[in-house]
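As structure tokens, one chain now follows by itself in the form predicted on its own.
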Amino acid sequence: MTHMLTATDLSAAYSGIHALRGVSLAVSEGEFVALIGPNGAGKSTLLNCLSGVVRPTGGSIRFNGEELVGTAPWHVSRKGLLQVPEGRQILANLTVRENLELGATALSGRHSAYTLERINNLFPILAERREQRAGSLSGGQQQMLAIGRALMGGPRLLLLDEPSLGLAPVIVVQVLAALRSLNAEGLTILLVEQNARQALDSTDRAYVIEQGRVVHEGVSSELAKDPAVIAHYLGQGKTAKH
């Protein structure tokens, strides 16, 4: 199988602390893949390495056959690998519409299937609030805006870092439903999610990271039944699948 994204033996360190220790993973076109694990496991570091924000200390990252290690983040995004960062990082003083239009700068001449109209259909609240300052939106609306902004950049693969963080349960359901809809339409997604049960309920495959290493990987539905995964990562109790 030809993979859209492969990371091979990836390592990263901050101030002498090893955040990633030989991590390898692969994502194929059309997949919805989760990264789960405890806080401090290296999940966000891995996404930041993939998007070029953090330069790994070792290993390889290939996207559609092209090596990305050492590539600046803006060049990575222009290749169609876009990240929705933890904390959303929307521009609070710009309007909803301006934030979305800013996302299109990642296109750099590429075509995007995700127009303003399509994003407004996906998240109708953004259409209602299009001239409102983004900083005045609720947390859930800001998360929808952050996803919409990334979509405007025409992702071939979308990276999401903790999209449910700090959101009310009803909003989490809406956000995950939107991601499943996007994946069903063909968008490839790699999701970092603290809520392991929700991540496994929503995705095709998953990797479990602990202390900078991949300790489990497999089909999400099978990992959700694995006694070791249940004991260590699903202790919050079963959440109904939506």
Partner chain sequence: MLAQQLLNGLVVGGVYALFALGFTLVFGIHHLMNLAHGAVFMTGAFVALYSVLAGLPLWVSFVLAVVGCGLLSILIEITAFSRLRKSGEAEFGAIISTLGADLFIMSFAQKISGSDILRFPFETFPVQIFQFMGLRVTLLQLFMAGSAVVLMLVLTCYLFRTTLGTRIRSVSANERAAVLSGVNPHVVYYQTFFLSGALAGASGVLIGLAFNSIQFTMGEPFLLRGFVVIVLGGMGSIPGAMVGGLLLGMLQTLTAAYLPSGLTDAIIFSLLFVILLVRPYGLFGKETAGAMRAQR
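No experiment lies behind these values; they were computed from the predicted model shown. Positions refer to the first chain, counted from 1.
The following text describes the form predicted in complex with the partner chain, which does not appear among the structures shown.
Figure note: of the listed segments 113-121, 96-104, 135-143, 167-175, the one touching the partner chain in the predicted complex, with heavy atoms no more than 4.5 Å away, is 96-104. Against the partner chain in the predicted complex, the set N48, L91 and R149 is in full contact: each member has a heavy atom within 4.5 Å. Residue contact with the partner chain in the predicted complex: G154 places no heavy atom within 4.5 Å of it.
Residue contact with the partner chain in the predicted complex: T71 places no heavy atom within 4.5 Å of it. Proximity of L126 to the partner chain in the predicted complex: non-hydrogen atoms within 4.5 Å are absent; the residue sits far from the partner.
In the predicted complex, the partner chain sits beyond 4.5 Å of every heavy atom of P163.
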